[in-house]
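What follows is one chain in structure tokens, specifically the form predicted on its own.
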Amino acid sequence: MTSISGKTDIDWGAFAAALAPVEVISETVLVKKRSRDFFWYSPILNARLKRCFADLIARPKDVGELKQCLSAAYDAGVPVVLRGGGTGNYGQAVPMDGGLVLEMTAMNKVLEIGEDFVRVQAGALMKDINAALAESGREMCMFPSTQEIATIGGFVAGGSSGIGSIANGMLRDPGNLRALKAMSVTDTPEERRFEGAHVMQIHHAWGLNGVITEVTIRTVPLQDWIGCMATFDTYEGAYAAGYALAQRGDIGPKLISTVDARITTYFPRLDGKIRANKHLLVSMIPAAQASTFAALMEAEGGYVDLMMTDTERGDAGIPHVYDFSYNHTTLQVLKADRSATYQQVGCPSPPDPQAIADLREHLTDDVWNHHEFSRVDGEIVTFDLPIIWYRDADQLAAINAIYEDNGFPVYDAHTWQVEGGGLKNADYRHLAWKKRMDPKGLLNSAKSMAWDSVKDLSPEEIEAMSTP
């Protein structure tokens, strides 16, 4: 068997045979397809990652088969990258060093539903978890806009917030992630359980410090949600209304997004459903609060265009409202024009509509704002995920500088290394556990810019480098 990645120091035929009876995919077209995620949202990542491919794909169906794969990889020195639904935007699931991609989607069981939690295998699709929970009147405390195809393990390894974060906080907020199990890449792979605050040793590490096998996540009561859209004459007006809605404890929204009017022109399935050329507020609220929501939007200067149950939405042929939130907003634009990209930007806290208006005076027409409302440690925050009409890296750097110079920190969406994006700096807790769980550095090591500088240290020495 020839090497697809060009990594020629491995006998891939013998390695594939050593994985039996685990399902293995070796056809070049399929291997290349499963070596990709949504990194193409970024032209910079696309240029760097589009030619990175695995040599084999394996789909373990249980813990025993997973151990066999990891033991064989350890013995042969084969690089390993984990893959769920492949919905990540930064190349988390791209095998930059070739080797083996472990597709975890066959480990997809819902293992336990408790009073306020659910315990599942890492490859379970979030839509399936929520469907199982609905029978007992519960749902996950949050999920991404990609829940139809995204796995819970991928969300925990690479995500941070989602639909529900305005009500329940970020994934890292205490109580949301109850426990994780992760397996080591050693001669005899072992599962370790991380509980409470210790889940942060594994969460958002892009699968470079252990193979997540199980997730226990908080659940909340399932409500009769309705999707709502309101339009405004100014963007800061939509943003101010979003902040007012977030503060209303009597409404309890699950989602609040604001979208520049120019972006809504890329939402053809909303033609005739919302006012044209107006700035958009997207929300999900309990059906019982529909009249309160409508009164608030009108008081804030808006017009309520749409309020629909799931049944009404389906009959009208309209997507879920969360298809117009988070990076689904970016995707709607990219479907029509691949010259667009996006960025990830923090905003002043508490949310300040005037700061948003002032910033827009400095941004060029290449930048179209789109904000998501969330909570961090109970405080209301917002994040800008703007559409950017990309020309080159210098233009993007100039846009980043405008944000930063005006007090809006940029969490770069155009890097393939975990320290360069949401984390900003190396998390030495993650790297200490990588040393414990992955002593040969086989797990996605190219995604850490700091690993090479610490890989020869002991876990204790690495951990001591953490900032208190």
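Numbers follow the displayed sequence, beginning with 1. In this text, all values refer to a predicted model and were calculated from it rather than measured experimentally.
The discussion below concerns the form predicted in complex with a small molecule, not included here.
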Contacting member of S184, N89, Q201, T341, with respect to the small molecule in the predicted complex [4.5 Å, heavy atom]:
N89
Considering G99, G169, G302, P144, which brings a non-hydrogen atom within 4.5 Å of the small molecule in the predicted complex?
P144
Would you say all of M104, A122 and W206 touch the small molecule in the predicted complex, counting a heavy atom within 4.5 Å as a touch?
yes
W433: touches the small molecule in the predicted complex, heavy atom cutoff 4.5 angstroms
no
With heavy atoms only and a cut-off of 4.5 Å, decide whether A150 touches the small molecule in the predicted complex.
yes
So, Y403 and the small molecule: in the predicted complex, are they within 4.5 Å at any heavy atom pair?
no
Within a 4.5 Å heavy atom cut-off, is Y41 in contact with the small molecule in the predicted complex?
yes
Can you check 217 to 225, 319 to 327, 110 to 118, 245 to 253 and let me know which stretch has heavy atoms within 4.5 Å of the small molecule in the predicted complex?
319 to 327
